[in-house]
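Next up: a single chain in structure tokens, the form predicted on its own.
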């Protein structure tokens, strides 16, 4: 079984500006988890489409209960492949992203389509789809639910990062509000505490049966 996700959003910038910002997204205050980005293939097709493939390295802290299924050196990082095609004539950009790390445990495939907003030619519409799957017997549903929740959080950060880079490109002064920073840190602290509580509870149960 595969978890499917779809959403659409608007960036209040032209398609040309969004395409330019796409290659300048990192770093930004919402992408601390992105460690490296490398172009491994790029070409211009006969019909003037730009095709690219990039390798991204990201931090990927797994919950405690999932870490036991991963080698120690792989539990905190992940490698991502990103394919993209930019069509300047149709004014569209399509990206396909998928993980090559931990793929047997959980596979996340994302497709994004960027085009001129049909209702406002100065804005850009993004249509985003994702497919999340797992083949771990007995845990696939839990892993897929975890992956979907994390993906939704990632989408929010991605859009904020995009807006930050676009504002910077256009000469504005982008900044994160104190409320945003405090809220994000509170969430991270709460998640860490929750994982620690689960781990302690697990150890306590094991001791009861020893």
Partner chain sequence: MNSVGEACTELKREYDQCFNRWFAEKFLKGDRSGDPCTETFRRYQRCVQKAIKEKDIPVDGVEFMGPNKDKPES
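Residue numbers count along the first chain shown, from 1. For clarity, every value in this text was computed on a predicted model and none was experimentally measured.
Missing here is the form predicted in complex with its partner chain; even so, the following discussion is about that form.
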Contact test in the model of the complex: residue 98 vs its partner chain, heavy atoms, 4.5 Å: yes
Can any non-hydrogen atom of residue 135 be found within 4.5 angstroms of its partner chain in the model of the complex? no
Exercise: residue 42 in contact with its partner chain in the model of the complex, heavy atom 4.5 Å: yes
Heavy atoms within 4.5 Å of its partner chain in the model of the complex: does residue 26 have any? yes
Please state whether every one of the three residues 13, 126 and 161 places a non-hydrogen atom within 4.5 angstroms of its partner chain in the model of the complex. no
With the partner omitted here, the residue among 167, 149, 142, 50 that in the model of the complex has a heavy atom within 4.5 Å of its partner chain is 50
Looking at its partner chain in the model of the complex, which residues in 1-39 have at least one heavy atom within 4.5 Å of it? 2, 3, 4, 15, 16, 19, 20, 23, 24, 26, 27, 34, 35, 36, 37, 38, 39
